[in-house]
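A single chain comes next, written as C-alpha cells; it is the form predicted alone.
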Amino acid sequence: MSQNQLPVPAAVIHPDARGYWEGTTREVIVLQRCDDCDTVIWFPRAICPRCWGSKLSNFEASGRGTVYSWTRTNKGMADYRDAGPYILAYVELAEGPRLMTNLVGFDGDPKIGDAVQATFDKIDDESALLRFGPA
C-alpha cells in the first residue's frame, strides 16, 4: 500500500501531559504509572483512572507494541483531509496500554498481532507525533 506523507498537526500540550510531550522530543514514549496500584496509564492525566490515586510517576516505555486493530482511511478530516489513504490503528504497547495512532512504512496490509516499533515525526522543538512502523 502506498501512503502519502501524513500531516503533522500542532500539538495542544496540557500540563498533565508535559512529560509525555517532552519524551517525544527525545523519541521515547513516556508513560505514567500509579504509585498506589501500579496501573500503567494512557493517556497522561492528573489522577489514576483505576484507584483515583494522585501519586503518578513517569517512566520510559520500550517503544515496542503489536497491532491490535487497524483500518485504512481513504478520506480523513481536518489536517488529514488530503492525506488518504492512510492507516489508523490501535497499537497495544508492550507495557499494556492501547493507543490510537498511525501505522507507517508497511509494504502491504498490516496483520493483527504484527510487531511494531515507535517512530516520531517532529512537530516543533516541544513535541513530536508518535506513530508506529514495522519492528
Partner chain sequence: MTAHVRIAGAYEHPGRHLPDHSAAQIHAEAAIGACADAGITLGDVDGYFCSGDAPGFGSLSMADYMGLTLSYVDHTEIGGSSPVAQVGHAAAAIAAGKCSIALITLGGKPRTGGTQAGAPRPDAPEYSFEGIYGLTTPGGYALAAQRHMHEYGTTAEQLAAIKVAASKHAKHNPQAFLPKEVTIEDVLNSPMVSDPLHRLDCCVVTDGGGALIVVSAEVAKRLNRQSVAVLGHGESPKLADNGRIDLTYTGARWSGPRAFEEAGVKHKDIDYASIYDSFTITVLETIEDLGFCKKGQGGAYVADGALEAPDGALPFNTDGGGLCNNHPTNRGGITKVIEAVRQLRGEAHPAVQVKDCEIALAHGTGGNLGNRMGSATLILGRE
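As the structure is a prediction and not an experimental result, all values here were calculated from the model. Residue numbers count along the first chain shown, from 1.
Form predicted in complex with the partner chain: not shown, discussed below.
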property	result
Any non-hydrogen atom of Leu88 within 4.5 angstroms of the partner chain in the model of the complex	yes
Partner proximity in the model of the complex: Ala115 to the partner chain, non-hydrogen atom cutoff 4.5 Å	no
Contact label in the model of the complex: Met77 to the partner chain, heavy atom within 4.5 Å	yes
Contact test in the model of the complex: Pro9 vs the partner chain, heavy atoms, 4.5 Å	yes
The single option of Gly63, Gly53, Pro97, Gly105 touching the partner chain in the model of the complex, heavy atom within 4.5 Å	Pro97
Any residue of 18-37 that, in the model of the complex, places a heavy atom within 4.5 Å of the partner chain	Tyr20, Trp21
